[in-house]
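Shown next as C-alpha cells: one chain only, the form predicted on its own.
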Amino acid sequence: MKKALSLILASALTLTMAGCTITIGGGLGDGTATTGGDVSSDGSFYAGKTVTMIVPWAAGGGADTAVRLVCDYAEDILGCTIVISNVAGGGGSIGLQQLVTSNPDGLTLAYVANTDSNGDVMLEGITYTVDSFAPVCVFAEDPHIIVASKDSGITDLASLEAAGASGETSWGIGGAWTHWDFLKMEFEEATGTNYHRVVYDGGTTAITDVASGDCDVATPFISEAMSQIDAGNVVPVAVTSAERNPSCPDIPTLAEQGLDGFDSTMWRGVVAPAGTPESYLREFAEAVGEACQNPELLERAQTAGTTISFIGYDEFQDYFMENHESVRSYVEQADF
C-alpha cells in the first residue's frame, strides 16, 4: 500500500539544494537574517527577522499560489521577511522532512494540508510522525473542480457517474496519498462508481493531460483550472464544496446536481517543527489571521481561485489531531 521512497529520500539533500527559493518581499523590517531567540522592544519575536516558509510542492501550483498570497501580507504585519522555499518531491515528504529536522526556533515553518501528518503510514521510508509537527494555523480551505476532456462526453454528474460504471475511465489526481486521492475515494463511495487512478505530480499536469485528451477526468484546484476552462480546453463538471465558489460562480456543485450532502475541500495550513516556542507560533498565527481579513487579500484570493478560511492557533490544535485520526482511518481501509 505504501509508495516506496527509498531512492527519493536518499537524494533529498540534492533536491533540497535544487529547490526554488524566492523572497516574497522586504516586510517592514530591514531583511536581516537572525538566528532567533531575541524579542524586539515592542514584544514581537519576528520583527526584523527572516523566516523560511517551506512549500513541499512545486512553484505555480495551488499550494504555492495560496502560500505566497498570504505570506505577502503576513510579513508586513510581522515586520519580517518571509522567504518561500519550494522543496518538491516525494508527495510532499521531502520538504516536510526538511522542516522537522530544522531548528525549532520559530524561523522555519512549512505549508501543510489534510493528509500530510500521516506520511509514516502512507509512504515508505518516512521517519516523521504527527508528533514531529507543531500546528500553527489554517489560512484557506479550497474545493477541487472536476473537469473532463472534450472527447470524453462527460458534461455533468449524470454522465460522470455513467462513465464510472466500467472502471476504465481515467481519473487524474495531482499526487498520491494527497487530498486528491481521498476526494476520488469519497466520490466513488458516494456514487458506487470506479475509475482508473492516474497519478500526476500536481493538478496543473493533470489538467494539461485532460486538455490534450490523454486523461478523461481530473480534479485540480480552481486556481489551477481556470485558465484551461476559460480557454475552452476542458469541460467543467462541478465544484466539490457544498456551495458554489465565488471564483467560478457559474459552475454548479455536485450537491446541486443530485449528490446530496457531498462536500470535499482541502484545508491549507502552517506547521513548525515540534518544540518551537508557543509564543512565537501564536504571534505568527495572529498575523496570518489579520492578513486573512484584509479586503485586498480577499479580492486577490478570489481572482486566484483561493478560498480564504482562517482557523487560529488554539482551535487548530484539536482540529489538526482530529483530522489526522480521520485520515489515518481512511488510509488503513484503502486498497490501491
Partner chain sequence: MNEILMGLTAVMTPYNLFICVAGLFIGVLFGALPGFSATMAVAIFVPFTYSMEPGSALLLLSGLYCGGVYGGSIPAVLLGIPGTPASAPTALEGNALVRKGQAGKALHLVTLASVFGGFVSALCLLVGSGLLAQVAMMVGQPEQMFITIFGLSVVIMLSEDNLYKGVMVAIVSLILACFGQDPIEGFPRFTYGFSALISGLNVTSVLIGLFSLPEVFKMLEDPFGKIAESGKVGSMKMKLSELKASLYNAIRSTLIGVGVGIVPAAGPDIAAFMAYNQAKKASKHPEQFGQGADEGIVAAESGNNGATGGSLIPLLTLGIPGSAPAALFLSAMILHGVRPGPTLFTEHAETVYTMIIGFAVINLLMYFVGMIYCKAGSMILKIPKAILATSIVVLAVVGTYSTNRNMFDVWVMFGAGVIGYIMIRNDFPIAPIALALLLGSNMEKAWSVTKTLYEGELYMIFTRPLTVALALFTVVSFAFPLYKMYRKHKNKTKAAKAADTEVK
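Everything quoted here is computed from the prediction, not taken from an experiment. Think of the rigid core as the biggest set of C-alphas that the two forms share within 1.5 Å after superposition. Positions refer to the first chain, counted from 1.
Missing here is the form predicted in complex with its partner chain; even so, the following discussion is about that form.
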In contact with its partner chain in the model of the complex (heavy atoms, 4.5 Å), from 238 to 246, 259 to 267, 171 to 179, 151 to 159, is stretch 171 to 179
Quick one: does residue 73 come within 4.5 Å of its partner chain in the model of the complex, counting heavy atoms only?
-> no
Contact flag, residue 79 vs its partner chain in the model of the complex, heavy atom cut 4.5 Å = no
Any chance residue 65 has a heavy atom within 4.5 Å of its partner chain in the model of the complex?
-> yes
With the partner left out of view, is residue 250 within 4.5 angstroms of its partner chain in the model of the complex by any non-hydrogen atom?
-> no
Using heavy atoms only and a 4.5 Å cut-off, decide whether all three of 166, 307 and 309 touch its partner chain in the model of the complex.
-> no
Of the options 107, 88, 134, 113, which one has a non-hydrogen atom that comes within 4.5 Å of its partner chain in the model of the complex?
-> 88
Work out which of 94, 183, 255, 130 lies within 4.5 Å of its partner chain in the model of the complex, going by heavy atoms.
-> 94
Judged by heavy atom distances of 4.5 Å or less, which residues of 144 to 168 approach its partner chain in the model of the complex?
-> none
Inspect the rigid-core superposition and answer whether the C-alpha of residue 121 shifts by 2 angstroms or more between the shown form and the other one.
-> no
Quick one: core overlaid, is residue 176 moving 2 Å or more at the Cα between the shown form and the other one?
-> yes
Comparing between the shown form and the other one on the rigid core, is the C-alpha shift at residue 112 2 Å or larger?
-> no
